[in-house]
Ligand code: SPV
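We begin with a single chain expressed as structure tokens, specifically the form predicted on its own.
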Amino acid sequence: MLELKKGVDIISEVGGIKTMDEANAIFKKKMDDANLAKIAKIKTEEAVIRIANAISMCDPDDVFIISDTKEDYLHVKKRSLETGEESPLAIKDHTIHFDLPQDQGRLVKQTFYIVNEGEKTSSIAKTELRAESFKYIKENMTGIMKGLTMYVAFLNRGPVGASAAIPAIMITSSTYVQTSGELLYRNVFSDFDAEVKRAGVFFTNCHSQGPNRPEDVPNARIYMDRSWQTTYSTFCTYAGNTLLLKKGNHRFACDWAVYQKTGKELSEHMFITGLTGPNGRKTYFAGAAPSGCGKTTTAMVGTDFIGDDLAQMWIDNSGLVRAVNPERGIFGIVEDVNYEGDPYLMKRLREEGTEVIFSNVLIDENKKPRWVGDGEPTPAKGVNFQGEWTPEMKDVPMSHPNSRCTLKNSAIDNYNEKDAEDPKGVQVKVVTYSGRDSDTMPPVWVAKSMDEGVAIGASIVSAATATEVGATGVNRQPWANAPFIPGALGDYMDAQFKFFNNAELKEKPIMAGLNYFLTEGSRGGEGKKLLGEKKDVKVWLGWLELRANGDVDAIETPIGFIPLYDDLKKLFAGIDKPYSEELYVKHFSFYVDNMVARLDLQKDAWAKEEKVPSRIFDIYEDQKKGLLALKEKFGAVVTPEQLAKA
């Protein structure tokens, strides 16, 4: 079990504020009358004292409390433009923010969990003992906001009143962090106290970019204090490292679900989207995929988009799996976003009508944002994350591969705001898991049981992407959530088995694997060209929608159920694309040696972890036996026709 409030509370120890009288004294020193009136409306004493300690530690010149009024937000936006953290673009309400060239993605080597002596964490987690973190924070965050304004916001990770929503405080000297936060999260200044009471918990986040110089980035740190549910971030501005409600607080939410809500809640790195089936039926999906593996594209294919990144899930009183998006906006990668593959999103990025913050794209001479794969002619010149750029600079991409756009979901035409803001959440009938797999798994398959569904999630493999600075090669990515799971991965797996086998779960979702990245070279052809294209995603989801509602049969195999050709042919016709039986055979033939090697890889990796449920090894062994039996009967490559015969 994770023991909360264990060890020294660093922010309180460095800040030194213990009482409300001391807190009010520092507020009077750093706030004008308007901000004093706002902070007085927050009645959760623990939260108020934590804010006071952040002020005492960081020593800003003044403090601005961001209430839920439009005037407060516009004040912060105005300051962001005045200080240059954002700059206006040609389209109204569109701005550009540049991070330092050294700060273009998650600084994974500089990100740590603060741990107590003897505390167990994920085997892939970087940890630092509390005493060392305390020393760094005291030395580097004391006085880090001198000459700057501190901005304090009260935000919610989910709709107000949702069962799995958790409130949080965002403290920073960066206006860009706060303007991004206001797009991505719900400001709950007026509801903060009630949300803390309902949830029984709140998270605290404290960030400062300091002088914001390249030479400071090697000294940057991102800390997650699990015991005190507090994050700290210094000397960086990339939102993945600084907007700590996102991946920082997602880590705490994972802990909360695994250790405090075992078998009742999950906190997942998943999109949520709905698809309209026959007769107007709506079926909601929740799907995991590592960054850069098509998660946003998949979410946008839905007719009823809810979210593209995170999901808070729970079993409701009637025994249904429900989910809310803890966010209300998109912080999405823009590389390869274009009208052909992402028409809903592209419309918002190229037309007036909503606020958008671009980061690390190229800005051309006409103040138009441009990025690799936008489907438009390459500009003659522009400015990007490293300075002046021209096409002749072959070693410098037009835009960074991790360039982003931040905007509210409500701007997207296929967003279902009514369902997204409903605190009851949406019923999840399909759970998907996908990665970057060029040579092994088929485009879509459905688990034969809930346990085998958990195994699909536990077995995701992906290529490293630009979201992580310095990452290379092929990575195992269990549930696409492993980088954000603080505790032992065995504990997390156990929580997954308990959730999907909970006796209170009356209507179980189907659980499926997706793979968009099979290549011609892996299926008898040559080269790395993909067998599919973006619009095929609608077919794979469409088949899952039909399968979840009992409308299609399938071929049973050792790894799960795969589609019949005739059903896919009809779905491809619906996107005006012919689908040959030859391509079907390429998509769904089993290359048994690759599949067995993948199972052995997973089995060996999980064997090195602590407290892993034995059920996962039973599943791998059963699937391996079934695959080897197929090989003995049909050979190393087994076609769908042979699978059906078997």
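Residue positions are given as counts along the sequence shown, with the first one as 1. Remember, it's a predicted structure, so these values are computed and weren't measured experimentally.
The discussion below concerns the form predicted in complex with this ligand, not included here.
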property: Segment assignment from 572-580, 426-434, 376-384, 245-253: heavy atom within 4.5 Å of this ligand in the predicted bound form; result: 245-253
property: Residue among Tyr238, Phe500, Phe202, Trp228 with a heavy atom within 4.5 Å of this ligand in the predicted bound form; result: Tyr238
property: Contact residue in the predicted bound form, chosen from Glu182, Asp309, Glu86, Asp536 - any heavy atom within 4.5 Å of this ligand; result: Asp309
property: Residue contact check: Tyr516 to this ligand in the predicted bound form, 4.5 Å heavy atom; result: no
property: 4.5 Å heavy atom contact, Phe484 and this ligand in the predicted bound form; result: yes
property: 4.5 Å heavy atom contact, Asn156 to this ligand in the predicted bound form; result: no
property: Partner contact for Ser399 in the predicted bound form: this ligand, 4.5 angstroms, heavy atom; result: no
property: Those residues of 387-406 which, in the predicted bound form, come within 4.5 Å of this ligand by heavy atom; result: Arg404
